[in-house]
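Take a look at this single chain, the form predicted on its own, given in structure tokens.
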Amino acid sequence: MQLIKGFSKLNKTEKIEVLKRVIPLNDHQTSLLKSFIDNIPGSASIIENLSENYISNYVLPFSIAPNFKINDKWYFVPMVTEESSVVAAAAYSAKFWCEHGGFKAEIMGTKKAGQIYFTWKGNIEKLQVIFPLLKEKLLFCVKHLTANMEKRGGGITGIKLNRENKHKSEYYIIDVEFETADSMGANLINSCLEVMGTELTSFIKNNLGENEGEAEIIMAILSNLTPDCLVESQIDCDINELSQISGNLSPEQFAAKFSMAVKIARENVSRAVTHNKGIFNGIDAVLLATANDFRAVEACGHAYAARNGKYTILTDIEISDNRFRYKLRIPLSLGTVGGATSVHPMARSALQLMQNPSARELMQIAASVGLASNFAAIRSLITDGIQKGHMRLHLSNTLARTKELK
């Protein structure tokens, strides 16, 4: 092996030739890479420009979970995942719940945020006194960036000096809140914060005098912690209706056992992690299909699950008055315009299949699919066991691979 210089400047064919020489790739590996380059006719240049050092495409199944009834509207939900049984589980839940009221989803908030971190040896109380003027300056300096967003009902909704910073002897924080409408807004938020950072240092220098010293920006960056960008999805039915899916259990036994499984997950971190992973099985598949940032969503979701000092589950259950109620509350910062969502042809197609939802509607869809996936997983755990359906599909994959090797 040797140091490779200028790899990023090579075209995809030249990159493959380097790999053939250095690794070396065999003829089968080379043919495989080249064959997957051409599997998206008409869109190759778009896909190539989504990432660096592109040499081929990695294909995952693009599937549909039908029968999702959310707020009395019907959806065919696109899902992209490699894990056996995820789509089947979501579709199973969707089929049952569409006949029992469907999913009821509600947006609790859509606020996003970023921070400007800076050091300054001056008197922070003096800055606090003239902070209203600074806010005006910060808003004005990014008007050219936020104008289009404001036309769509978004923009900057708040700016404050973080007075609760425990490390204020070392650095200070300015929190900036955003409403980004149908865009996830990462690029807009980061651009605004960087311009604001420059304005901040200039403002301190010009308004607090040389005796207070100059401020220095450490970083200006969005936060993927979006606890105020929140959605809730709920399912609710008469306990007797659970007889259709309760297996060998009575509906009452099923409800009680389901509730106990949720309680175990709430109280035990080892189970809580897997419980929440089952939620993200569904959510991630929708986000991949729509080219949303599933990594940011997962990071935020797990942080939200630990918001009270202990990691726990994102769902809650209530069984009373012969009713079974199960709900998921989760932060989801999503977009339906901008970024890869707007340029990736399959992402655009995914949104079209869902009748071009707004970002708020997509939040409701994704949360409902996450709840459906989790419900199906727990239902399997307390009845037939998780392996019955999962291993059936896993066996199909194994047989297909064995046939290919022959």
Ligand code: MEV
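Numbers follow the displayed sequence, beginning with 1. What you are looking at is a predicted structure, and each value in this text was computed from that prediction instead of being measured.
Beyond what is shown, the protein has a form predicted together with (R)-mevalonate; the following relates to that form.
Check your understanding: Glu83: heavy atom within 4.5 Å of (R)-mevalonate in the predicted bound form?
Key -> Residue-level check for Glu83: yes, a contact with (R)-mevalonate.
Check your understanding: Does any heavy atom of Gly278 come within 4.5 Å of a heavy atom of (R)-mevalonate in the predicted bound form?
Key -> Looking in the predicted bound form, residue contacts with (R)-mevalonate include Gly278, since a heavy atom lies within 4.5 Å.
Exercise for review: Answer yes if any heavy atom of Thr201 is within 4.5 Å of a heavy atom of (R)-mevalonate in the predicted bound form; otherwise answer no.
Suggested key: Residue-level check for Thr201: no, no contact with (R)-mevalonate.
**Study point:** Close approach of Met354 to (R)-mevalonate in the predicted bound form, 4.5 Å, heavy atom
**Key:** No, Met354 sits far enough from (R)-mevalonate in the predicted bound form that none of its heavy atoms falls within 4.5 Å.
Practice item. Kindly confirm or deny that Thr274, Ala377 and Ile386 each have some heavy atom within 4.5 angstroms of (R)-mevalonate in the predicted bound form. Key: Judged in the predicted bound form, Thr274, Ala377 and Ile386 all sit within 4.5 Å of (R)-mevalonate.
Check your understanding: For the chain shown here without its partner, which stretch in 46 to 54, 359 to 367, 377 to 385, 23 to 31 has non-hydrogen atoms within 4.5 angstroms of (R)-mevalonate in the predicted bound form?
Key -> The contacting stretch is 377 to 385.
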